[in-house]
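Listed next as C-alpha cells is one chain, alone, in the form predicted on its own.
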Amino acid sequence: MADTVAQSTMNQRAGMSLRTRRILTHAGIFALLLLAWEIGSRTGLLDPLFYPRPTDILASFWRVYVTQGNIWFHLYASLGLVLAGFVAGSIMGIGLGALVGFNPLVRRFIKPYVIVLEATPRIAVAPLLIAALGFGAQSKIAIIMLVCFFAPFINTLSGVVNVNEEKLELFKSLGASKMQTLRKLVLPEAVPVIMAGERLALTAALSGVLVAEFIQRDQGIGSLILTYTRNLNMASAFACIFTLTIIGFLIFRFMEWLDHRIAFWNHEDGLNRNAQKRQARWSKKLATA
C-alpha cells in the first residue's frame, strides 16, 4: 500500500512538472506573438488604426478597468444574462433530452423539430424573439437560452439512448419503475456526456449574449465594443474582446474542473483522488479502533 501511495505521489509530481513546462512554452509563444504584433504595428506592416499596438491595448485595459471603470457595469450586465440564459437553456435541454431519449414515441415526434431548430441560424431568429418579447432582458435571455439549448439536449439524448443494455435489462427484471431507472441508472450513466454538453453550452452563451447585445445596443460588453469601434477607439475595443477571451477560457477551465468533480469515475485523476480519500478514511478508522 505504501508503494502505491509513493507511486501516486511521483506521478502527481511528474504531471505537475509537465504542466509547468507546457504553461511556460505557451507563455513564450504568446509573448513572441505579442512582440511580432508590436513590431509590425510600429513599423507600419500593420495598420495601427485597426491593429493597435499591444502596449496601447494594455493601457486601454488600465483605462477601462481603473481610470474610467466603465467596463464593470457592462460586464456585470453581460455575465448576469449569460448565467440566466445558460441555466434556463440547460434545464430545458437536459430535461427534454432525458424525456425524448427515454420515450421512443416522444423521440419520434420531437427530435426532428429540435434538429430543424438547431439548423436555423440564431442571428436570424434573434429579431423574431425581440419582436415577440420586446427589448430588454427577456429577449436577450431567450436568445442565450436558444444558443445553450442544443448541446445539453443532444448530449443528454445520446447518453440516455446509449445506456448499457445489460444494466437496463437488470433494472427491468428487478421491477424498477421508469422513474427509478431514469434516476438510478440512465442519468448517472449519461453524466459524463451531459457535462461535455454543458461545457459547450456555457462557452457558447458568451456568443449568444454578444448577438443579443449587438442587436439591442443598450448595455453590456457587446454594446460597449460597438461604441468603441464606431468611435475608432480600437485599443479599447480590443481590450473588451480580450476580456471576453479570458472569461471564455476561465469558463471552459471551470467546467472541466466541475466535470472532474462530478463525473470523477470518468477520469483517471478523479479515480486516484477518490481512492486516496477512501484510503485516508480507512486509515483514520483503523487508527481510532
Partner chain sequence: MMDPPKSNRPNALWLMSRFAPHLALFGVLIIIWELLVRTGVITTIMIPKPSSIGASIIDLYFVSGTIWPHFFITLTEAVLGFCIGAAIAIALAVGSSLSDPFRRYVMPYAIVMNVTPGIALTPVIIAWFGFGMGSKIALAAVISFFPIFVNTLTGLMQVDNEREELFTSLGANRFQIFTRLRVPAALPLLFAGLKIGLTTALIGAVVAEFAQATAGVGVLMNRFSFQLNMGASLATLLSMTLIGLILFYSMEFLDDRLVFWRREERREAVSRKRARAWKRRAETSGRTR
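Positions refer to the first chain, counted from 1. Basically, rigid core = biggest C-alpha set you can superpose within 1.5 Å across the two forms. Note that this is a predicted model, so its numbers are computed, not measured.
There is another form of the same protein, the form predicted in complex with its partner chain; it is not shown, and what comes next is about it.
| Given that its partner chain is left out here, which of Ile130, Val161, Met92, Leu83 has a heavy atom within 4.5 Å of it in the predicted bound form? | Contact check passes for Ile130.
(request) Name the residue from Ile215, Ala137, Leu79, Leu99 that puts a heavy atom within 4.5 Å of its partner chain in the predicted bound form. (result) Residue within 4.5 Å of the partner: Ile215.
Review point. Just one of 153-161, 68-76, 116-124, 84-92 has heavy atoms within 4.5 Å of its partner chain in the predicted bound form; which?
Key: That would be 116-124.
Any of the heavy atoms of Ser207 lying within 4.5 Å of its partner chain in the predicted bound form?
-> Ser207: contacts its partner chain in the predicted bound form.
Query raised in the report: Phe30: heavy atom within 4.5 Å of its partner chain in the predicted bound form?
Result: Judged by the heavy-atom cut-off of 4.5 Å, Phe30 is in contact with its partner chain in the predicted bound form.
message = Even though the partner isn't displayed, in the predicted bound form is Gly248 close enough to its partner chain, meaning a heavy atom within 4.5 Å?
response = Gly248: contacts its partner chain in the predicted bound form.
Using a 4.5 Å heavy atom cut-off, state whether Thr229 contacts its partner chain in the predicted bound form. Heavy-atom contact with its partner chain at 4.5 Å: present for Thr229.
Given a 4.5 Å distance limit between heavy atoms, list every residue of 37-59 close to its partner chain in the predicted bound form, or none if there are none. Heavy-atom contacts within 4.5 Å come from Phe50, Tyr51.
| field | Core-aligned C-alpha movement of Gly69 between this form and the one not shown, 2 Å or more | value | Comparing forms between this form and the one not shown, the Gly69 CA shifts below 2 Å.
Superposing on the rigid core, I want to see if His26 changes position between this form and the one not shown - specifically a Cα shift of 2 Å or more. After core superposition, the C-alpha of His26 moves 2 Å or more between this form and the one not shown.
- Hey, does Trp37 budge by 2 Å or more at the Cα between this form and the one not shown once the core is superposed? It does shift by 2 Å or more.
How does the CA gap of His26 and Leu75 change in the predicted bound form versus this form, closer or farther, if it moves 3 angstroms or more? Farther apart, by at least 3 Å.
task = Kindly indicate if, in the predicted bound form, the C-alpha atoms of Gly248 and Ile23 are closer or farther apart than in the structure shown, bearing in mind the change is 3 Å or more.
result = It is farther: in the predicted bound form, the C-alpha atoms of Gly248 and Ile23 lie at least 3 Å more apart than they do here.
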